[in-house]
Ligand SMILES: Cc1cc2nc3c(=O)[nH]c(=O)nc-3n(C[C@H](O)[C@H](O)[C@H](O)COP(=O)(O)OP(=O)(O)OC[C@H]3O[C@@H](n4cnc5c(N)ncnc54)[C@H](O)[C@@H]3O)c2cc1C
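Take a look at this single chain, the form predicted on its own, given in structure tokens.
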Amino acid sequence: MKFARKCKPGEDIKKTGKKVAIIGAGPAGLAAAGELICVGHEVHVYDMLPEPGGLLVFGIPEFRIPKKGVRQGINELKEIGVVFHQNTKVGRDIDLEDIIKEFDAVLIATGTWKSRKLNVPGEKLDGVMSALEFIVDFHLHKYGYLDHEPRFQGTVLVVGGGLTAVDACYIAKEAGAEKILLYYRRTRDVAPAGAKEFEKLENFGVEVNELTQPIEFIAGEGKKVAAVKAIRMKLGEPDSSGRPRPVPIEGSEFVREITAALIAAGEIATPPFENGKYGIELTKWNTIKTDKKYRTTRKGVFAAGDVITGPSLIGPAMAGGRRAASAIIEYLETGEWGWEE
């Protein structure tokens, strides 16, 4: 995967003397680093994980994104001069204000690492977990960064209709699940993952239950989940998403035994600060507020990728990172700062 498109290792690049910090080594951050290093800026990338790549490495299965190509692209960035600071979470290990003061420009590209809750009884039981966190832990172990191997037995429930839910089904099987159920509150034709992905899951052996929503997780021995109570749904008028609103069917509740549940009900943007801190405003969706040139409400600080758009695909995230890099290059050349809707 090519992150530095305009230069290559060994090429003589004239240095500008400007320093740029990037927070987050996922698709947007890596794409921006590739643009900025090639024009001669000094680039430092800060990331909370033990290896650069973000979801490209730790959140997406090998069959979708081969890791060899991703790592090759990252190694090229290192050879060109990008400096990576791994296992460094901004806001915990280093203060964002210190980075802003040290660098001429900062790009925040921290993505969407927080999972939405279903907000139903029993969701805090042992065995009920975020699908994204499970996938990341699975890959952390697979690549030698985590001692504990996530393993399953029996029947695992996956809740959701996006690619995170789909990928969680495949990985749960690899982690030992004997049977996998998928519950989705709408129908496959309006699912974010698409109908074809649902068909592939069925061919893989997953029991797909459309128009089905969990309403309670039931404990067995101790605080371990042992069953799920769900309700059948029907589709009503379109909601704010433009898709038909799922409406519960009264009296359709039923219970299934499970040994674990993976919740993939969507992700929330994870900026490395609370709204207003450092003079940077967030939107009501917890994304970072930016103008059309990716400028935040703090001079010299930009943002790009899922942390400003919410969950998206790799291509748009990388494209946003490159456009933000162009805006940073312009700012470092002119010093101009404003706000353009």
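From 1 onward, residues are counted along the sequence shown. The shown structure was predicted, so the numbers you read here are calculated from the model rather than taken from an experiment.
What follows is about the form predicted in complex with this ligand, which we do not show.
Checking Cys38, Ile60, Val301, Val70 for any heavy atom within 4.5 Å of this ligand in the model of the complex turns up a single hit: Ile60. Contact with this ligand in the model of the complex, judged by any heavy atom within 4.5 Å, is made by just one of Ala175, Val90, Ala191, Leu181: Val90.
Interface residue remark: Ala317 is counted as part of the site for this ligand in the model of the complex, having a heavy atom within 4.5 Å. In the model of the complex, Asn286 stays away from this ligand, with no heavy atom inside 4.5 Å. When this ligand is considered in the model of the complex, Met48 lines it closely, a heavy atom lying within 4.5 Å. A residue is said to contact a partner when one of its heavy atoms sits within 4.5 Å of a partner heavy atom; Ser312 meets this definition for this ligand in the model of the complex. The stretch from 222 to 230, 70 to 78, 250 to 258, 158 to 166 that comes within 4.5 Å of this ligand in the model of the complex, counting heavy atoms only, is 158 to 166. Contacts of stretch 20 to 43 with this ligand in the model of the complex, defined by any heavy atom lying within 4.5 Å, are made by Ile23, Gly24, Ala25, Gly26, Pro27, Ala28, Gly29, listed in sequence order.
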